[in-house]
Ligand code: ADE
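This document starts with one chain, in the form predicted alone, laid out as structure tokens.
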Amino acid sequence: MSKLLISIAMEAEAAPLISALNLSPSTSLFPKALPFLSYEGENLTLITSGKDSVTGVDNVGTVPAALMVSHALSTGDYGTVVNCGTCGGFIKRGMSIGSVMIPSVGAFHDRRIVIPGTKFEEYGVGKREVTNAKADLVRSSLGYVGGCCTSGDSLDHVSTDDTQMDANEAVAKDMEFASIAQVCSLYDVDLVGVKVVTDLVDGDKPSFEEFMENLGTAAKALQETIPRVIEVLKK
């Protein structure tokens, strides 16, 4: 099995998994100028986005995710990226709290670049097919659904986001997957996404309430799911 790079945005999402996989902190991957953290295990590296130096909160969003994964791929020898974390799910596409999905498509819903007569609008959506044998194997072996994971830099969503998410046929909504899909396509590295639903985008509760209520449960679900994903990838 080629070396795995496991990417997780938030410390709370990563902590149970770091413990479950018995990973050790490492300072060799990222320079001091970058806030990202790395942990090493047998034939794998887990990276998290670290904390913002001004506010002290996790560096969430598409920019930190893309920068973190790109730097790791440029300096390390990794054959597969496993991007795992929480997401919002869509009831109308069969998702519920705790559901797990393995995206087969990544796209953006908040990069609106409408310039008639050009392809900037298509570029803004940035749809990427995540079709590789490893993702297909994980999906089929563990019985998880595929579909589009749509990404943006806001936890909430406005009507224009809803329109684009519907156009994307989104099954899940997060703040990083589409940007990592673009990075992996540039480096020609296989990507396997593992997303656990913490909140329902088309439900009747505010996203932040459900997210905070279910973050711990989702982190534990990742702790159980990722070792199973690793075992499948070893085949």
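All residue numbers refer to positions in the sequence shown, first residue = 1. Since we're looking at a predicted model, the values are computed, not measured.
FYI, the form predicted in complex with the named molecule isn't displayed, but the following is about it.
Residues within 4.5 angstroms of the named molecule in the model of the complex, judged by any non-hydrogen atom, belong to 196 to 204 and to none of the other stretches in 42 to 50, 183 to 191, 196 to 204, 66 to 74. Contact check for Gly88: a heavy atom falls within 4.5 Å of the named molecule in the model of the complex. In the model of the complex, the named molecule sits within 4.5 Å of a heavy atom of Met175. Looking at Ser154, you'd find a heavy atom of it within 4.5 angstroms of the named molecule in the model of the complex.
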